[in-house]
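Quick setup: one chain, the form predicted on its own, written in structure tokens, and binding and motion questions come after.
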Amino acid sequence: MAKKYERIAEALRQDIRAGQLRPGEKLPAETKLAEQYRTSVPTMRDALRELHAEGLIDKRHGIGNFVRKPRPRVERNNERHQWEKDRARLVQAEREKTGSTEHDTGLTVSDLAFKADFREVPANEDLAAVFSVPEGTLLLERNYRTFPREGDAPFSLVTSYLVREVVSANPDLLDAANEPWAGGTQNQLLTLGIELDHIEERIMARPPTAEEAEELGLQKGVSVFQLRKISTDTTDRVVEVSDVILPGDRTEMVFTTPLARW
């Protein structure tokens, strides 16, 4: 049987989901809520604590409790890769108008803020095996974070790897100051004469690390999707590997697979 604070939390949860309590709206004082639900203030606080843990409300010390504004949702589908490939050969002015994050979120370039950090690292056993290069081969590691301009957490944590020797043919690709690159990785590879043939994505769900939970602003109990994207060119060579961590509370994976007709 549900405890009293759990029943109260569920009632408030339904009001939030039904829009009766709107994003940004301040809740009545805890004493008023306790009177409304005919309970004690400590029990009311337990109910509010549960909603806070779920990310439905924010507590502002000395001010009160507010319905949390939902973070933008991301829809990631397997059609995005062909969209990126088609976009890679457009003129720069067209490529600059939009990017993959805008494609996935429905936001515009002006809605977003972007950070990039590059460093050179030796390939560990795992990455060496994927790239089919000797362990210790120098890689360019690229860390990307894209934020909603008025948000407090990135949409995902992206770490991309390229073989340094391959990338060095275009020195502009070694400089994080050139990011965000219009046309993304597929256009970057195009400047090296590389065309992608296929992309494989492997996805699993797991609990976040403490660092991931903090950076993504995850509430307790929210899992992440761990996605590895492997890009292979038309000569059957792996040319890029990306490890992407996606928050489970605001990411939807959508896969549409056309089927041959009988």
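Throughout, we count residues from 1 along the sequence that is shown. What you see is a predicted model; the values in this text were computed from it and never measured.
Keep in mind that the form predicted in complex with another copy of the chain is missing from the display, and what follows is about it.
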item: Proximity to another copy of the chain in the predicted bound form (heavy atom, within 4.5 Å), stretch among 134-142, 118-126, 169-177, 67-75; value: 67-75
item: Partner proximity in the predicted bound form: V254 to another copy of the chain, non-hydrogen atom cutoff 4.5 Å; value: yes
item: Exercise: R49 in contact with another copy of the chain in the predicted bound form, heavy atom 4.5 Å; value: yes
item: Contact flag, R89 vs another copy of the chain in the predicted bound form, heavy atom cut 4.5 Å; value: yes
item: Another copy of the chain contact at M204 in the predicted bound form, heavy atom, 4.5 Å; value: yes
item: Listed residue that, although another copy of the chain is not shown, lies within 4.5 Å of it in the predicted bound form (heavy atoms), from L33, L216, I57, I194; value: I194
item: Stretch 12-30: residues contacting another copy of the chain in the predicted bound form, 4.5 Å heavy atom cut-off; value: none
item: Note on A177-P72 C-alpha separation in the predicted bound form, which departs from the shown form by 3 angstroms or more; value: farther
